[in-house]
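Presented below, as structure tokens, is a lone chain in the form predicted alone.
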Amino acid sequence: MTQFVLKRLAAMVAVLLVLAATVFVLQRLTPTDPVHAMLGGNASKAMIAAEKHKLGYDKPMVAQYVDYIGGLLHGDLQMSLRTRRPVATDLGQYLPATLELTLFALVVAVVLGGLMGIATAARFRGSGVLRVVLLSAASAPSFLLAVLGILLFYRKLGWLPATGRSSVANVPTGPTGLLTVDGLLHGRLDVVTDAFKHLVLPGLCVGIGPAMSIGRVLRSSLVNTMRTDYVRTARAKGQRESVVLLRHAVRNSLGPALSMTGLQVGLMFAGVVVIEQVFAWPGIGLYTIQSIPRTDFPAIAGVTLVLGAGYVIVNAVIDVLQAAADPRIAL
């Protein structure tokens, strides 16, 4: 198992280096001169040349890439052309909001997908209704689902807020940046409750689509597992169907569902960018949308690297969980 984990860590590092190389090349191929954009249109050629020398842009491409990787290892994501601040500082401000929303949506996707997969495979009462509801919601574009949710739960019923992360004025500012966690750490249940209410609508809009995919894969895997010899043996011993399903079938059916969960994380990152616009969520999706019209490539590259690293890390964790659920994978 240890050797398996080390191999996955090495593969993760290799993928991150390739991602960094791709972003570096694209940044060098962009028609926008970052030094000229940083200094302004009135900068002289001498000032531009001096700044390029200071930043190392006059070095050979290989040397620039080595410096770029060295900067990444020290948390240097370059300077934003729009905010004139380090991209790492900007991401430190915007990333916690996106991280909290993504984690909540991932929990929603796993819980709803697991419920749908187990309920439909075991043919529990009401499982058909749950499947139809999830399928109908997942078939709609996320932005349309968000608009419908705002119209129904905010404007019509008044149950949930429509925009922002919190309605509380003096929310805690640390240590994690996640309002639900910081509220608990500071004993502020009002902050936790309010933050959860703001998470429900955008989290459901991001998580319902992946939940349907996870649930369908889990159901298919469970149906095949329930036909195996060891399941029939468990039934022959007189064990109840629910015990057979949960104790013997679920663990052996988790592999495909975990693989689908890892794949869905990338789609969730893409969905968060759209949903943050609809709900005015102050995350990196909003930061990216504001940076694109200004051709702020360092900011866009920083967001790409952070999301790519998150996706790679999540899939590495999924591989380890698969090996824990089925030791044959590690072997």
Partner chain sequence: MALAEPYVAPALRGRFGRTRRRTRWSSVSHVDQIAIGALVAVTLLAVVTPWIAPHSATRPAGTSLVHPFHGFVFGTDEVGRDVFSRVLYGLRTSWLAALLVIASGVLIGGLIGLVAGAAGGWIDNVLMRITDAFLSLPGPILAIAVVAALGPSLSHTLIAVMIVWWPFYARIVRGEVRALAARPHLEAARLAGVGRVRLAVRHLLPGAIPATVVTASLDVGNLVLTLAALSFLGLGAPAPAPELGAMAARGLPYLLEQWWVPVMPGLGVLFLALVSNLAGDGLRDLIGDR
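Numbering follows the first chain given and starts at 1. Bear in mind that the values here come from a model prediction, so they are computed numbers and not experimental data.
This protein has a second form, the form predicted together with the partner chain, left out of what is shown; the following refers to that one.
TODO: May I ask you to choose, among L157, A236, L189, V132, the residue with a heavy atom within 4.5 Å of the partner chain in the model of the complex?
DONE: Selected option: V132.
Open item on the list: Within 4.5 Å, heavy atoms only, which of L148, L184, V111, V168 is in contact with the partner chain in the model of the complex?
Closed with: Partner contact (heavy atom, 4.5 Å) among the options: L148.
TODO: Could you tell me if all three of L6, V206 and V317 have a heavy atom no more than 4.5 Å from the partner chain in the model of the complex?
DONE: Not one of the three qualifies.
Task: Any non-hydrogen atom of S139 within 4.5 angstroms of the partner chain in the model of the complex - done: Close contact exists here: in the model of the complex, S139 approaches the partner chain to within 4.5 Å, heavy atoms only.
Open item on the list: Check Q64 for me: does it contact the partner chain in the model of the complex (non-hydrogen atoms, 4.5 angstroms)?
Closed with: Contact with the partner chain, no.
Open item on the list: With the partner left out here, check for me: in the model of the complex, does some heavy atom of V312 sit within 4.5 Å of the partner chain?
Closed with: V312: yes, in contact with the partner chain in the model of the complex.
- [ ] Indicate whether the partner chain has at least one heavy atom within 4.5 Å of a heavy atom of F297 in the model of the complex.
- [x] Taking the distances in the model of the complex, the answer for F297 is yes, it comes within 4.5 Å of the partner chain.
- [ ] For the heavy atom contacts within 4.5 Å of the partner chain in the model of the complex, list the residues of 256-288 involved, in sequence order.
- [x] Heavy-atom contacts to the partner chain in the model of the complex: G266, L267, F269, A270, V273, V274, Q277, V278, T288.
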